[in-house]
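As C-alpha cells, one chain now follows by itself in the form predicted alone.
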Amino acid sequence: MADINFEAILKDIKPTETEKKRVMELSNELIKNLNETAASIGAEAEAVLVGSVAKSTWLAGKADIDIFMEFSLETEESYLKRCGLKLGHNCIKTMGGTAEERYASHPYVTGSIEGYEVDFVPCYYIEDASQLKSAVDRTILHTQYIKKHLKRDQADEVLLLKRFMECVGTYGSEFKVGGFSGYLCELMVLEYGSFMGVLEAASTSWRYGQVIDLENYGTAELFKDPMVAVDPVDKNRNVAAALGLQKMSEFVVASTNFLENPSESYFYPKDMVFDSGSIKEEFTERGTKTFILTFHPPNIPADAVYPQIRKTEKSIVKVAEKNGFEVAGSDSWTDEGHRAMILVEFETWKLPHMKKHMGPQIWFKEHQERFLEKYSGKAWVEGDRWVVEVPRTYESVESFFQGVLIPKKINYLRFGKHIKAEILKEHSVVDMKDFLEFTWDDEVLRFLHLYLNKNELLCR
C-alpha cells in the first residue's frame, strides 16, 4: 500500500491551537454565564459542555458548541422546558448573538455567537440509562464514555474517519444524509482501533446487520437495522439506527476503493467538473425522458422536510408505474429555504390509448356476471380469465402529472401534509431539456451531476 502522509492531512483537518483556545474560552464563558444566571434566579441547573468539542473530536472550522443544562430528576418537565429556554435565550442575548428555538424530544435554543453555532439543551441529570426521561439525557453519558475510553491519539483517528466520510458523502446522521453520526465514528474507532482498522473491517468483513457491541451487552438481536452499534451507555439503543443501507454500502465501496488505490485526495473535496451543457448532453444520450417537479419547501425543521420530500418522490414513482410508466430512476433535493425538486426519469413516457384489463375467472359466476354487465359485448376469454380492453387514464407522463397534482386527485399520492399544501399552492413540472435552459446555481447542477454519476464521490 502506498504511503499516505496522515500527519500532513491531520495538519489540514485538525483545529489549530488558536482555534482550540478560542472555542474552549467561549465554551467556558457560556457555561459561566448560564450557571451564574441560573443561580441568580434560583434555578437548580448546571451547564455542562458535551459533543465533539468536549471530546476534542471536531474538524477544523466546524466547532458546534453543545451545552446541556442539567436539571434534577425531580424537576417538572414543564419547568425544565421553560427554565431551559429562558437560560438559553438570556445567554445568547447577553453574548450579543442571535437565537432560534428548535425541537428535538423537547424544545431547545440554538444561537449564533461570534460565528459559532451554539445549542443550549435542557436535560435531566442521570447516572445511567435506567433513569432516562428524555432521549437527550443520554448525551452527557456519551461524552463521559468517549472521554474515558478514547485514547488521545485515537482522537486523530476519529478526525481522519470523519473527514474521509465527509469527502465520500457518508458522514452525518441527519435525514438529509442518512449516514454515520460523529458518536458512531468514535465507537467504530474504539471497536477497530484506528481509521485504517475501520476501513479494513468495512472492506473485508462487514455484512448486513453488522454488530458493534463494545460492552458485550448481547442485545443486538433487538434491532433489525443494516448496522447495529449497541450504545455502550444504553443496551436498548442502536447508535446506528439512522444509518441507511445506501450510505453503509457506499462507505464499504469507498473503503475498498481507498485500500486498493490509496490517495490523499480522499480527504479533500473532489473537484467535480460539470455545467448545464454537459449535463443536458448526458441526459439526452440516455434516451430516457426526465421531468423535474419544483415547489417551495415547507417552513418546518430540515429533519422533517427531507423524509416528506422522499416519501413524495417514492409515491410519485409508485403511482406512475402503476399507470404503466416505467421509471428508470428518481432523486430529490432542496435548499431547505426556497426550492425543492423531485427528479423522475422515465424509460416509458408514452402509452397506447387502450390497455388490457384482466377480469375474473370464468368459474366464479357472481363476479363474472358483474364483469360482463359492465363490459357487455367487449370482453373475451383468455385461458380461464375474462379480459377486456379499456381506455387508459393517462397516455403520457405530462398528462399523468397534470392529472395527479390537482386537489381532486392528489390523494392518490402519499406524502406529508406540509408538502401536499405547498404543491397545491404552487408547483411546476418541467422536461429536463427545458429545465436546463434556465440558469441554475452550482448546487442544483451538482445535484443533477451526482444523479448521473452516482459513484463520483466514492473513488479518486
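Definition used throughout: the rigid core is the maximal C-alpha set that superposes within 1.5 Å between two forms. Since this is a predicted model, take the numbers as computed values, not measurements. From 1 onward, residues are counted along the sequence shown.
The same protein has a further form, the form predicted in complex with another copy of the chain, not shown here; the description that follows concerns it.
Enquirer: Taking Arg207, Thr256 and Glu347 together, does each of them reach another copy of the chain in the predicted bound form with some heavy atom inside 4.5 Å?
Expert: Affirmative, all three are within 4.5 Å.
Enquirer: Among the candidate stretches 263 to 271, 212 to 220, 383 to 391, 177 to 185, which one is within 4.5 Å of another copy of the chain in the predicted bound form when only heavy atoms are counted?
Expert: Of the stretches listed, the one contacting the partner is 383 to 391.
Enquirer: Counting only non-hydrogen atoms and a 4.5 angstroms cut-off, does Ser203 reach another copy of the chain in the predicted bound form?
Expert: Close contact exists here: in the predicted bound form, Ser203 approaches another copy of the chain to within 4.5 Å, heavy atoms only.
Enquirer: Using heavy atoms and a 4.5 Å limit, would one call Leu150 a contact residue for another copy of the chain in the predicted bound form?
Expert: Outside the cut-off, so no.
Enquirer: Looking at the partner-bound form in the predicted bound form, is Gln246 within 4.5 Å of another copy of the chain by any heavy atom?
Expert: Contact with another copy of the chain, yes.
Enquirer: With the partner left out here, check for me: in the predicted bound form, does some heavy atom of Tyr103 sit within 4.5 Å of another copy of the chain?
Expert: Tyr103: no contact with another copy of the chain in the predicted bound form.
Enquirer: Would you kindly say which of Leu190, Leu351, Ile292, Val136 lies with a heavy atom within 4.5 Å of another copy of the chain in the predicted bound form?
Expert: Of the listed residues, the single hit is Leu351.
Enquirer: Check each of Lys356, His338, Lys224, Lys322 and return the one that places a heavy atom within 4.5 angstroms of another copy of the chain in the predicted bound form.
Expert: Selected residue: Lys356.
Enquirer: Relative to another copy of the chain in the predicted bound form, which residues of 266 to 285 have a heavy atom no more than 4.5 Å away?
Expert: Read in sequence order, the lone residue that approaches another copy of the chain (within 4.5 Å, in the predicted bound form) is Glu285.
Enquirer: After fitting the rigid core, is the C-alpha of Lys314 off by 2 Å or more between this form and the one not shown?
Expert: No; that C-alpha moves by less than 2 Å between this form and the one not shown.
Enquirer: Relative to the superposed rigid core, does the CA atom of Pro360 travel 2 Å or more between this form and the one not shown?
Expert: Comparing forms between this form and the one not shown, the Pro360 CA shifts at least 2 Å.
Enquirer: Examine Glu369 after superposing the rigid core and state whether its CA is displaced by 2 Å or more between this form and the one not shown.
Expert: Yes, its C-alpha moves 2 Å or more.
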